[in-house]
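Here you get one chain, nothing else, as structure tokens; it is the form predicted on its own.
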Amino acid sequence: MPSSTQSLRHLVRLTDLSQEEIEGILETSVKIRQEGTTTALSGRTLGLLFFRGSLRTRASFEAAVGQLGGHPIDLNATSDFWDLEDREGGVMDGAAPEHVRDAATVLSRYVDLLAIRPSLSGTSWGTDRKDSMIQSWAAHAEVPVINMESALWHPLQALADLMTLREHFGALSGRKLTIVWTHSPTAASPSVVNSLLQATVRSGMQVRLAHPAGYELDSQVLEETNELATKSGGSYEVSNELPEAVDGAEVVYARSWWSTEDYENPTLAASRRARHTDWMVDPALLKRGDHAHLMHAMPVRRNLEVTDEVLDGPESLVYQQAENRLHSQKALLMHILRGAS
């Protein structure tokens, strides 16, 4: 446990790390993949709290901790404990029987790090975009907190994506990436796209964001992306035309995300999605790129978001991405806990 709150390093979003830190973590990630792991977390206990479902994040994080010699405590809010209150100063007469302040303080006495996947209300984007739950954990915990995907950010996926891109291209400055919205009846949070967009622009990549009208990203996220692009020499542009947006791309990153315009209305959301069933990555689309490779954070709906031929073809990097969650998270844990020692 760190000796003072001043030594805490939380990772709520990837910009909580300097570019130099990210470079170091990625170098360690590659070394771990090539040479195997160490017992860097021997004697350390890490708490994993899931308020939403998870497959890759849960499995890769728990495996990373165990393979580094640490001990993970994996808790699921739907079966192992209960909802928590994050509002400050209110009367707790609702469903939540405990405040984040108390849970975070107590768990900090048991573990060396807390990784949280917070819940979303799903009823108000104005509320969910504040990421108040993960912010509350970071405010009250006495150990480092890692965000395992909130409404706005998924820093763990972005690290694995950067590692995958580095392994394939080497230096990323000037490389061309197109992020393509894809049709899905179970659209996801824009967190993956937000984090990917900022991480790649910050690395100097030329990024094109392609989506139908009505699926614009959060305006504050885009403003921050402009600032990062100005500082790094990267760039991004938005297109509402799918085929043309892929022209010249070296990587096509497919991802479905919901429209914040109808976030509170499932009927309108379904109606909007139904108008864009042609937004899918197939061989013809991929061929418009410059020997383009496919990336996707998964889960992926086959033959709806991406065709089998592309997913299972030589251009697909999706399984490499998924594996790199393990290696990059090991490097991240070593970095954060080294600083908290």
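Note that the coordinates shown come from a computational prediction; the quantities given were computed from them, not determined experimentally. Start at 1 with the first residue shown and count on from there.
The same protein also has a form predicted in complex with ligand CP, omitted here; what follows describes it.
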- Non-hydrogen atoms within 4.5 angstroms of ligand CP in the predicted complex: do R56, Q157 and M298 all have one? yes
- Task: Counting non-hydrogen atoms within 4.5 angstroms of ligand CP in the predicted complex, say which of R175, R202, H211, R117 makes the cut.
- Result: R117
- Name the stretch, out of 62-70, 47-55, 33-41, 268-276, where some heavy atom lies within 4.5 Å of ligand CP in the predicted complex. 47-55
- Should R325 be classed as touching ligand CP in the predicted complex when contacts are defined as heavy atoms within 4.5 Å? yes
- Residues within stretch 249-277 having a non-hydrogen atom within 4.5 Å of ligand CP in the predicted complex: none
